[in-house]
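Next up: just one chain, as structure tokens, the form predicted on its own.
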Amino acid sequence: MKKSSKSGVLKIITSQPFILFLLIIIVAVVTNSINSKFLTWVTINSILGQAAGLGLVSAGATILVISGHFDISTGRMVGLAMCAMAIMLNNGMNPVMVSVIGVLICVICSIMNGIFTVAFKAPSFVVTLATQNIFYSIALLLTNGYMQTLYGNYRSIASHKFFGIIPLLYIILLVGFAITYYILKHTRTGRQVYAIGTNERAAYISGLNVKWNKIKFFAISGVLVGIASMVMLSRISAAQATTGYGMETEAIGAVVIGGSSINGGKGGVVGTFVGVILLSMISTAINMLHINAFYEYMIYGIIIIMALAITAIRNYSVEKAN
């Protein structure tokens, strides 16, 4: 019993999420020692608010990566949905209806990515490389290249607080991750995600409808991307075709940092959540310490490489032990 308990503790403290959690504490302590305003509610609120949109996109990306796929069009998808929603709101449409349409736009775009991937038997990376340009072009055509400003409209999602304390943004973020966690760990769909990501042919032989499930995974990701678009539009109160650009790489980076395997079949949403918080915290720390912003993506890259190294070392240790 004691041996089993020690093994469980060792597994936790050597897990990717725990290592990232320690890194978050180190970043927080070091930054706060230089700038005492870092560990204040205002800064923490800013970090979590920034993490809301990226986190939801990353949750969807986790499902796709574990299933062996990538969607690098999500950033352009966010830009398209936000621009369409902003135009509809400025034309007096009901905000609830606009929100539903915004989510549907992302779901349709994601399903289209899934269908093309399945129909053409092409890597999802290549398919979404093409569709991201289509989404960007549509957003440019809708807006004529101009920014769509809401002038404070549609702020209820970003400004509402439960009991006057807990921001709705945080609730949406946590619920999004909680649902994703439940899907992956406690549903048939989750088991299908891991099975197809581990060995697609074996999954097919075992009776899974691989093609339909792939499209389903993309659709789930689309829902989360659509909700992220709502959150970001409410928070920024403006949109343009370039909004969301680069978010897809940050999302996939957060998934990889969180310990999910880029080869599919391994990973979890808990690590992704901690990875998102770490990236948002580093971005804020760079700003508060007045470090040249050009270093931000360099640091992101270094962290991703470190995460890959940790995963490789862990896999090697497991193989050696076996």
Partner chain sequence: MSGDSMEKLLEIENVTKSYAGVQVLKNVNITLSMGEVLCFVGENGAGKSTLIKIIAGDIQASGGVVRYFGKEYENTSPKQIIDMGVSTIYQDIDLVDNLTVSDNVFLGCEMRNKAGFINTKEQEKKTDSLIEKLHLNEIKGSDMLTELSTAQKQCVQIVKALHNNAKILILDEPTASLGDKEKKSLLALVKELTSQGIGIIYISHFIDELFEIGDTFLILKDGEQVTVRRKEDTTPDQIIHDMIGRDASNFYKREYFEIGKRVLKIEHYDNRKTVQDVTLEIKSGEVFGLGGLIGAGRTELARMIYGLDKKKKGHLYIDAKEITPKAPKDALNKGIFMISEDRKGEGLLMARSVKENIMITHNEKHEIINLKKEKEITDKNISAYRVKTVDRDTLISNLSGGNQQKTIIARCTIDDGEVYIFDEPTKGVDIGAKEEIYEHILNLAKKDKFVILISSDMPELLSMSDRIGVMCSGKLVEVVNSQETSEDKLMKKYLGY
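All values derive from a computational prediction rather than experimental measurement. Residue numbers count along the first chain shown, from 1.
Only in words, not in the display: the form predicted together with its partner chain, which the text now covers.
Within 4.5 Å of its partner chain in the predicted bound form, a heavy atom is found for not a single one of Tyr154, His160 and Ser237. Of the stretches 140 to 148, 81 to 89, 240 to 248, 179 to 187, only 179 to 187 has residues with a heavy atom within 4.5 Å of its partner chain in the predicted bound form. In the predicted bound form, no heavy atom of Asn94 sits within 4.5 Å of its partner chain. Using a 4.5 angstroms threshold between heavy atoms, Tyr204 counts as touching its partner chain in the predicted bound form. When its partner chain is considered in the predicted bound form, Asn133 lies well away from it, no heavy atom lying within 4.5 Å. Taking the partner from the other structure, its partner chain in the predicted bound form has no heavy atom within 4.5 Å of any heavy atom of Phe116.
Residue-level contacts in the predicted bound form: of Ile215, Ala195, Ile72, Val103, one residue has a heavy atom within 4.5 Å of its partner chain, and it is Ala195.
Shown without its partner, the chain has Gly265, Lys266 in segment 261 to 278 as residues with a non-hydrogen atom within 4.5 angstroms of its partner chain in the predicted bound form.
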